[in-house]
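One chain follows as C-alpha cells, the form predicted on its own.
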Amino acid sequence: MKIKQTAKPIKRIAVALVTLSTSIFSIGLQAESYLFKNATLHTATAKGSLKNADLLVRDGKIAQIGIDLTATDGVKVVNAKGKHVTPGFINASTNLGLVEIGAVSSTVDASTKKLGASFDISAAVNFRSTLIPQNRINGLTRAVVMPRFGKSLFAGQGAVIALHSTEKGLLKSKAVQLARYGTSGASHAGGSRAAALAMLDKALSEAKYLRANQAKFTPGIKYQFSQSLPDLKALFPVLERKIPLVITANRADDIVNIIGLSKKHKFKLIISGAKEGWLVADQIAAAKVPVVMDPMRNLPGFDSLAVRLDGAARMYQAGVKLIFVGGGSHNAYLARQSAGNAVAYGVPHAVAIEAMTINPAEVFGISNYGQLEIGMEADVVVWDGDPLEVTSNAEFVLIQGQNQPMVSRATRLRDRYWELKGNQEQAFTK
C-alpha cells in the first residue's frame, strides 16, 4: 500500500516537470520580435555590408533595416555593437540526418542498392540527429540533404531542410536529382566516361519518351528500358525543369560534356566538384550553370590534375555563380571556413557570403530566404567576429524568426567536464 500511495504523487510530480519543461521549451521557440542594434549587416544583396545598422525581426520575417531604429513594446533589443549579422548559412551538399557514425552501418541511411533516380531520401532524415544542433549552433540554419550513390548513375532525390530544434525541419522533398560522371560514373559504366555519358543520355531520352507516351505502358509488364519505370518517371521533373540535376564532374572535358548533355535535354544543370572548372569557366558561365564546390579541395587526382586554390576566384571572374560547401556532415558549418579560404585567394568577401546564402537559395528553389532584406524569412545569425574567420563564433541564431537554443551534445559534454572538482562522475585522476 505504501508503494501505491507514494506512486501517485511521484507520477503527478513527473507529469508536472514534463509539462513545465515543455512549456519552457515552447516559449523559447516562439517567433518573437527582436531588434539587433549597431551591427555590421552582411545583407547578401546589392547593398553589400551595412555598418552600424539595425535590423528588426517581427512575426518570423525581417521587418525593417535602418539606422537608429526604435524598439516598440514587446520587442527584445539585442546589442550587437561590434558584432556581425548574416543570413543563416546553408550547406548545399550534406548527409545531415542520414549519418550519425560513419563506421557504424546501422546509423548510415544515405544510399540504396535497390533504387536509382526514384530513391527519395527525405523519409530517412533523422531530425533528432546530434549533428543538427552541432551545426545549428555554428550558424548553419538550412541544408540540402543529398543521397549517396548506390547501384545506379543516379543517386536519387535530395531534400531541403531547416535545422530547427523543433524537429520539424523538412522544407522540401524531391528538391533535386543527383547523378555522377567522371571517374565515378566511368567505373559504374564499365570503365569508360564515354559509356557513362551514353548511359545518362539514354536514361534521359527514355524518360522523355515515356513522359510523352505513358498511356502505352501498363504497370507490371517488363519493358526494355535501361532504367525501371519508377526511376524514369523520377526524371520527369528534371525534364520539366521543375528541379535541377546535379552532376558530379571535375575534369575540364567532363564538364564540357555534361554541359552539352544539358543543352540537348534542356534541363537545369548544376555541376558539383568542378576542380578544373576554372579551365572552362567561360563555357560554364555562358551556359549559366551554377557550380557547387569546396574551395579548399585542392589536392590533384587523375581527373583533376589542374586543380588550384584560386580556381573559385577565376570562375567568379568569368561570371560563374558559385555555391560553397565543405566540412562533411559532422562539420557542415565549416563551409564558411572554405569560403574564407576562397576570399584569401581572390573571391570578394560579399560574394563568399552569397555563395552560402542567396545563391543556393535561388539555385535549389528555396523561396523567401538567403538575404537580410525586408520580407525575407528571419534566418539570422549574430557573430562575435567576421563570419568567414575560423575563430569567430555564432552567438545568436534565429530560424524563421524562432530563437534557437545554443546547446548541443558537444556543449553539454564541455560543461559537464569543464571543471572536475567535486564531480562524482569523474572517471580518473592524475
Partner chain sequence: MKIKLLVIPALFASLAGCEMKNETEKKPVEVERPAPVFVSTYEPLASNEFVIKNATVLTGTGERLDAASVWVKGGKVQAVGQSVGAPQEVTYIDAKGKWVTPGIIDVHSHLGVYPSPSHEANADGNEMTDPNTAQVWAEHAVWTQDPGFNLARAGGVTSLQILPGSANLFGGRGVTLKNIPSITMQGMKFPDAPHALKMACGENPKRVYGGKKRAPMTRMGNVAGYRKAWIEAAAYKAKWDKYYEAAENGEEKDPPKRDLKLETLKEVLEGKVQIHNHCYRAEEMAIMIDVAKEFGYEISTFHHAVEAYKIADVLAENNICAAMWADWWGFKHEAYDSVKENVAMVEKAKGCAVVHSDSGIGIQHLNQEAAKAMAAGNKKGLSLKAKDAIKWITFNAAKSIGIEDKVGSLESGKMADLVIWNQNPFSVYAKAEKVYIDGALVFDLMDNSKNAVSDFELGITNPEGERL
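Residue numbers count along the first chain shown, from 1. For clarity, every value in this text was computed on a predicted model and none was experimentally measured.
Just so it is clear, the following notes concern the form predicted together with its partner chain, a form of the same protein that is not shown.
Stretch-level contact analysis of 171-179, 240-248, 258-266, 129-137 against its partner chain in the predicted complex, using heavy atoms and a 4.5 Å limit, identifies 129-137. Under a 4.5 angstroms non-hydrogen atom cutoff, its partner chain in the predicted complex has residue 340 among its neighbouring residues. Although the partner is absent here, residue 149 sits far enough away that none of its heavy atoms falls within 4.5 Å of its partner chain in the predicted complex. When its partner chain is considered in the predicted complex, residue 74 lies well away from it, no heavy atom lying within 4.5 Å. Though the partner is left out of this view, residue 362 does not reach within 4.5 Å of its partner chain in the predicted complex, counting heavy atoms only. Though its partner chain is absent from this view, in the predicted complex it lies within 4.5 Å of a heavy atom of just one residue from 344, 229, 124, 285, which is 344. Interface residue among 112, 317, 166, 331 relative to its partner chain in the predicted complex, by the heavy atom within 4.5 Å criterion: 331. For the stretch 359-393, the set of residues having any non-hydrogen atom within 4.5 angstroms of its partner chain in the predicted complex comprises 384, 386, 388, 389, 390, 391, 393, in sequence order.
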